[in-house]
Structures are given as C-alpha cells and as structure tokens.
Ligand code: PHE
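Just one chain follows, in the form predicted on its own, and it is written as structure tokens.
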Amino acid sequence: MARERWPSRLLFIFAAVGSAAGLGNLWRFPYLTYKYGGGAFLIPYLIALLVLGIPLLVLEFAVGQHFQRSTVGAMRKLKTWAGAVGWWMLGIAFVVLSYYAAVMAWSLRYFFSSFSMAWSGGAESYFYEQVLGLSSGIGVLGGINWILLACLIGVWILIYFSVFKGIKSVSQVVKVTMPLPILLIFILLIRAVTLEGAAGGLVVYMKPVFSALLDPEIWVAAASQIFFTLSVGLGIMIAYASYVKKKQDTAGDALWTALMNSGISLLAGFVVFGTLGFLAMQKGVAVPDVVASGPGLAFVVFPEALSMMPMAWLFSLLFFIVLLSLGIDSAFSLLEGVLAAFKDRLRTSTMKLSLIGCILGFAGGIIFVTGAGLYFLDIVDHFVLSYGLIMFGIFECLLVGWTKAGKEVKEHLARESPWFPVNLWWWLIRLVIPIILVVMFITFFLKELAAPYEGYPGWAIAVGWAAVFLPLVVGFFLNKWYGKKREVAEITVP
C-alpha cells in the first residue's frame, strides 16, 4: 500500500508546530522566564534551542523521512532490538495522552462556564472544589467527577474525528487549530498590554538579571524547557516525518517548527504577565505575589484576572479556546504517533484503529477525573517527562550517531538539506547532546534521592516509576510481535 502523504509542506509544518506548541508554552515558559532572570533567561534558552532542540528535532525528522516508517519501524531499521525502545516511548506517549486529555476536559468545562463567569469571586475554590472536587490526598480516591467525565468524553470525540482518517483528517484539522490560537493570542496580547498595570507585569517578566546566568540551575531549566516543549522523545515527530516525501528540506522543516514554537511561547509570556500586572494592581499587591505556574496559572490566577476585565466572558471564551486549540493538536499527535506503528503492520482500517485507541485512552484517563486525579496527574507527569523522555533522547542520539544505519540518516540529511551544517550536527548528536541529557537525568535523579517528590508516599512514587518502566516491558513483547508480522508480510506480499 502507498504510504499516506501530507497534502503540502505547509500542513506538515502546521501539524508539527501544533504538536510542539501545547499548554506548557502558556503556563511553563513564562514562569521559567520570570523565575530565572527575566530577559536573561532568553540567553540560555536560545543556546539550548540551537545546541539541543533544533538538532534533536532534525534527527527525528530525518529518521522518519529517510526510513519512511513509524517510530517502531524506524528504530528497528537502526537496530532490531531498538524497536522495543520505540514501543517504550509510544507507551509513554499514550500515558501522557491519557492525562493530557483530562487537562483538556478542564478547559472544556471552563469554556462552557465562561458564559456565566462561574468562578467570579472565588477562582481558587471554583477550580479545586467545584471543577476538580479535589480529595484530601492521593490516598483518598474520591468518586468520579461526572461533569468532568462528560467533558472527557467530549475531548475524546474531538480527538477521534481529528485522526479517524489518518493524515487526511489531521491535515484538515490543523488548517484551523494551528493558526487559530496564534490569532487569538495576538488578540489577547492587545487586550493584555492595554490593561492598567500591564507595564508592571511586563517589567517583571522581561527585566534581565544577568547575575542569574552564573547559577547552573538556569541552564538546566532552559535545556529542560527546550527538550520538553518540542515534542521530541515521544515518537510523534518521527511518525509525522514518515509521511513526508523523501525529497524535502528536512532541516528547514525542523527550523521553522522550532522557531514558530518558541515564538508562540514568547508571545504567550507577554499575554500572561501583562494580565498578571493588571491583576496585581487590582488586588493592590506586587506582581510576584500573583505569579503562578502550571494548572494554577491557567485555571486559578488567569481566570481571576479575566473576571475583573470589561467583557470578561468574551475574553474568557477566547482564552479557553486558545487552551483547547493548543491542546487538541498535541493530543491527537500523541495518538497518531501510536497509531502509525500499528498501521505499518496491520491491515485494519484507520477508523477502527482510531476508535480502539480513543476508547483505550479514555479508559486510561478515568483515574484523572476522580477526586485524586490531580495528584495522580502530577506524579505521573513528573516521572514520565523527567526520566522517560530523557532516556529516549539519549537512546535515539546513540542509535543514530553510532550505527551504520545512522550514517544513512546523516547522508540523507546532507542530500536533502545541503545548506545545513551536517558535520556540526553529527558531532552534537554523537557527543554533546547525550552528555547534556545525562546531566539533566542525574540532576533530576539527585533531587529525587534528596526527598520524595512533593512528599508523596512511597507507593505513589512507585506508581510514577511504573508509568516509566511498564511500557518498556510491554515494548519487548510488542517488538517480538512486530518482527514476526514483518517476516510474514515480506514472505506473502509479492
């Protein structure tokens, strides 16, 4: 069968940017910039983008495009046993998708609540008590939040209709969901910078503190943000690039994707801190007193600020449409990366595979819409991102940089992107990037040894580690199955 193809290079870039630009662009990058020296943070950030992010993205694009196979198939081309690594990361991607969809369910509920501004006067209690129904701790599961469950079903319906026709339906969706949040971010930016007190927030956000550059933690934070924000290490970009024709500028695609992703992060920061400056003035406190990161920023602090604006319901609608549109591209890209591996080996229709994938993802996400859902989300997210993705990044660098098949990837890159400094890139992925990732891994692990993450009990920490390593166990068995299916296909298909 002929491999699916993106209708155009632009739509491939749209899909890649949509996958990379997710909720972390809105709630993690601005906070890190504020925390680590303001405008000075952009120096290690840009260095990490050039030394770590773009080379890794080029690697994944080149691997998928050259071998014309999903993550598993491409990894097996490098080394047969590495197919298990491919399945491992797809398993982790599926875990990420299961809780990412729950966060989108929060956004969907807030979207509908925007018409009545239900959180006015009590944004924090609304989020933790009414929306989440948060229990007293991870050991207290609580019941299923039925409203959130209904929203979760709605999210999975959206995901299904994004991927049910494979690249054909994905291409149609990204025509809307990629440019839409950028347009809305610009609208929110104009609103934010014209608010009273916005200037104070923007100063806090961007005022450079160059002494922060002497702190090693700022460099680890910048490298982490770059690594986590580009969707590398999840198998998505390899799968997406496998649908690209071989004769296309691989490095150029990666460069556009990385720069657009970073641009969205920077714009989002101006929106967030302009709005926080307004909130601080309204409350009569300093900007640092209202700064938050993660879900607290998107679902407590920002809604509180929105409720104080003129035409609050309208700007709330726009804000949660941004969250939903940023989230949906990342969500269905995670699923498509997984489905691509099965589509390479099964004759089952894409619609049926998509339906099975959505049902399993929905079932896996139910735990995240219980009273203890936020706790489970927090601990699983911490372990799979801090350890799983980094380990896969190390594996793919070593597999490409030190194998015979990896040299084919290098030759492909030199052929399709003659302007790109391939020899420098080759040196980076063989030595520099693995060292950076090992340092990141050790840094995170030493913190883990110093104290249990967020004080969670031992069994909860075990759940986090299980989320990282159980997919690897499953991956070994799936890799054997994949190999057997491949042998049959090569014998029976003329």
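None of the values given here were measured: they were computed from a predicted structure. One-based numbering along the sequence shown.
Keep in mind the form predicted in complex with the named molecule is missing from the figure; the text below concerns it.
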If you check in the predicted bound form, is residue 111 within 4.5 Å of the named molecule, heavy atoms only?
no
Using a 4.5 angstroms cut-off on non-hydrogen atoms, would residue 163 count as touching the named molecule in the predicted bound form?
no
Does the named molecule come within 4.5 Å of any heavy atom of residue 100 in the predicted bound form?
yes
Would you please decide whether residue 24 lies within 4.5 angstroms of the named molecule in the predicted bound form, comparing each non-hydrogen atom pair?
yes
Single option in 342, 228, 362, 128 placed near the named molecule in the predicted bound form, where near means a heavy atom within 4.5 Å:
228
Tell me, which of 272, 241, 234, 105 has a heavy atom within 4.5 angstroms of the named molecule in the predicted bound form?
234
Based on heavy atom distances of 4.5 Å or less, which listed stretch (330-338, 134-142, 316-324, 189-197) is in contact with the named molecule in the predicted bound form?
330-338
